[in-house]
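Just the one chain here, the form predicted on its own, laid out as structure tokens.
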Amino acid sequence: MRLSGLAIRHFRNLGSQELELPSEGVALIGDNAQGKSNFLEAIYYLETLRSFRGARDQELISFEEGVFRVAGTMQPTDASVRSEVVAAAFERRGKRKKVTVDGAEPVRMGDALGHLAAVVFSPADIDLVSGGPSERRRFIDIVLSLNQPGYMSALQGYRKVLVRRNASLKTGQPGAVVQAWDKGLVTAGAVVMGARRDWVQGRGGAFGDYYRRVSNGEGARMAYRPNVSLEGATSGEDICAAFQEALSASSERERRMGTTVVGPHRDDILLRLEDADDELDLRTYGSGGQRRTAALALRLVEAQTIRDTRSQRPLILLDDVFAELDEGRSERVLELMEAEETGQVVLTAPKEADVRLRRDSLPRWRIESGKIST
């Protein structure tokens, strides 16, 4: 599938525009603060139904407007398969989001996710390494929700039960009332932890390889650090038992603190320099270049996951990424991305000379004050 058309209405500063995207992609050229990142944000919104920059839906609506709408037409590479249109809109007044696939609202919002098979590379990705555990949990939750059937349902179920269990603890309910939520928490949480562990272990080699190739020989590794000890847990039943045991052992501390203190909501993904002591992780001790390399490696692993699980070449969105890298790393990233099996590329740059990926094949578009000229 490729993105063949994009209709935008009142999204950020982009006004109302209808665009046909070339099959190879496009390079969007413009000065800072003209709307380049907004354009990528509009595209990626159709993949996850949320802003990759962490903005709330009401913040995406143009000033003095009440609704934004983005619609993308996906054209299959197989001519025998029909195209599909995914659209998303949000109304400021009612705070209502409406999503459709080929004009029909899906039974579940999750059924509209992942139709673009897109990966966005942004300078803000360094927060995946430099930020706290919640940044890395959010990353892996998005990857698995889009690529592993059943994960998003388990994650949503876990979060709902966690809220109710925490409410029981906060209001000082008897232990039996709190424990009534344990089965649902454990069942959903075990699915979440098992999937996270399997993904990190299965993709750890690729992460290390990408990091080594970009850094020109330095090594790094990725490891899953569950909040619940999973040592010796080889099955879903084992994970459930380990989680239940951890809950039982922490009951007194939970009553004291008024919240659930163990579970996947406190997991982390550790990113470490190879052969370094456990305490010397990239978040604390890595240089700026090392942290950016690790963030790029995570995104490249995300793209690999899409290829492997959805059998699609991912749509690559690049938001002026190379400006943040030194020349050597930039060249190695370019070589690597040119060699990867990717689909369309949509990239942004402040000037034409900065377009270095697929420089000879990408048509140049211009943007000024949100208006795109093709």
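These numbers were taken from a predicted model, which means no experiment stands behind them. Counting begins at 1, following the sequence as shown.
One more form of this protein, predicted in complex with adenosine-5'-triphosphate, exists but is not displayed; see below.
Engineer: Using a 4.5 Å heavy atom cut-off, indicate which stretch of 60 to 68, 301 to 309, 328 to 336, 42 to 50 touches adenosine-5'-triphosphate in the predicted complex.
Structural biologist: Careful reading of the contacts points to 60 to 68.
Engineer: Against adenosine-5'-triphosphate in the predicted complex, would residue 343 count as a contact residue? Criterion: heavy atoms within 4.5 Å.
Structural biologist: Residue 343: no contact with adenosine-5'-triphosphate in the predicted complex.
Engineer: Answer with yes or no whether residue 13 is in contact with adenosine-5'-triphosphate in the predicted complex, where contact means some heavy atom within 4.5 Å.
Structural biologist: Because a heavy atom of residue 13 falls inside 4.5 Å of adenosine-5'-triphosphate in the predicted complex, the answer is yes.
Engineer: Is residue 314 close enough to touch adenosine-5'-triphosphate in the predicted complex, meaning at least one heavy atom pair within 4.5 Å?
Structural biologist: Contact check for residue 314: no, nothing within 4.5 Å of adenosine-5'-triphosphate in the predicted complex.
Engineer: Whether residue 323 contacts adenosine-5'-triphosphate in the predicted complex should be assessed with a 4.5 Å heavy atom distance threshold; does it?
Structural biologist: Output for residue 323 is no: heavy atoms all beyond 4.5 Å of adenosine-5'-triphosphate.
Engineer: Only counting heavy atoms and a 4.5 Å limit, does any residue of 290 to 316 reach adenosine-5'-triphosphate in the predicted complex, and if so which ones?
Structural biologist: Heavy-atom contacts within 4.5 Å come from no residue here.
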